[in-house]
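Starting off, we have a lone chain in the form predicted alone, written out as structure tokens.
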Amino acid sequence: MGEDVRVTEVDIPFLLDLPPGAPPMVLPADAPMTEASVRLGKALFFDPQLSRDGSIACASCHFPDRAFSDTVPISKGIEGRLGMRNSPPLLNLAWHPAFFRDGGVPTLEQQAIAPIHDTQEMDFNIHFAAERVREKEPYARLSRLAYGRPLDAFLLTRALATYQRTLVSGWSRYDRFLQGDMDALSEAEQRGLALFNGPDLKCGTCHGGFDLSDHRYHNIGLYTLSPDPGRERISLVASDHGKFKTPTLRNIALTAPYMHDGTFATLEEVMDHFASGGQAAPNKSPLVAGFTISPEQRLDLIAFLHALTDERPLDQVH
């Protein structure tokens, strides 16, 4: 009689490729980054079953070829309902101290709940969403493999967050230049970099560090009185009115339209705004004071911003 041999699947760590210069990634104890947990998160991210009517997924507002940002000024939910803001790119989230443009959610796990429950977005209940897909594949197999039990709301948030932490940006020509490849940037792009960090523009004051963002909140004079309260919605402090989290400039050439409400369609329009000094909001950042550059310098600066585009896909899950 032949021997009954049973093969049991074993989960293994996900080998995330981090670029040179990336800070250490600290993972929550209850959200391990394994092959199964990451693949579970990716499957959920692209599945419209997480919305009430099965019409939109997370990926409906976060397109991979646009650095996981949206293509319209205000992102749309089920039935074409307009959301509150423009969906930001999803990259380097493992190092963000808070999420959403106003910093209203402190963890990436909690972030997953809001769009699922928002009536203008997915208009569903996260418990019902988990129940809907729990016994379907690949969810049933991957959830048991990654976490040892069937998918529930808690695991759904962990898996989505784990996948999103794998979306790491840091492989642009700018990064190669920082690592010593002096030919990675053209002469025009190097002049643009010098302007970017120079004393006249001081862009690097807010757009510095590995993520090219200070992850703080600023009013940039987009409106005299913003129709969106921004950070004030969370802090309830009047001086935070119209303040939004500094966006990363990584892959900025791919993430138009720009600003929290998609006000500007092009990088040239963004530059015009900062050159003008913005509108005279009561709490406008003193860093937004306006500047004057020549047409040639303008082209150099735009060229540098294009050099911040990754030369490889953000998604490492194949």
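Throughout, we count residues from 1 along the sequence that is shown. The structure presented is a predicted model; accordingly, all values stated were derived computationally and were not measured.
Below, we turn to the form predicted together with a small molecule, even though it does not appear here.
Engineer: Contact with the small molecule in the predicted complex for His241, defined as at least one heavy atom pair within 4.5 Å: yes or no?
Structural biologist: Contact check for His241: no, nothing within 4.5 Å of the small molecule in the predicted complex.
Engineer: Would Phe99 sit within 4.5 Å of the small molecule in the predicted complex, counting heavy atoms only?
Structural biologist: It does: once the small molecule is placed as it appears in the predicted complex, Phe99 has a heavy atom within 4.5 Å of it.
Engineer: If you check in the predicted complex, is Val168 within 4.5 Å of the small molecule, heavy atoms only?
Structural biologist: Flag for Val168 set to no.
Engineer: Report whether the minimum heavy atom distance between Phe291 and the small molecule in the predicted complex is within 4.5 Å.
Structural biologist: Although the small molecule is absent here, Phe291 would touch it in the predicted complex, with heavy atoms inside 4.5 Å.
Engineer: Tell me whether Lys76, Ile252 and Leu267, taken together, all sit within 4.5 Å of the small molecule in the predicted complex, counting heavy atoms only.
Structural biologist: The answer is yes: all three residues contact the partner (heavy atom, 4.5 Å cut-off).
Engineer: Looking at 144 to 152, 127 to 135, 180 to 188, 202 to 210, which lies within 4.5 angstroms of the small molecule in the predicted complex, counting heavy atoms?
Structural biologist: Comparing against the small molecule in the predicted complex, the contact stretch is 202 to 210.
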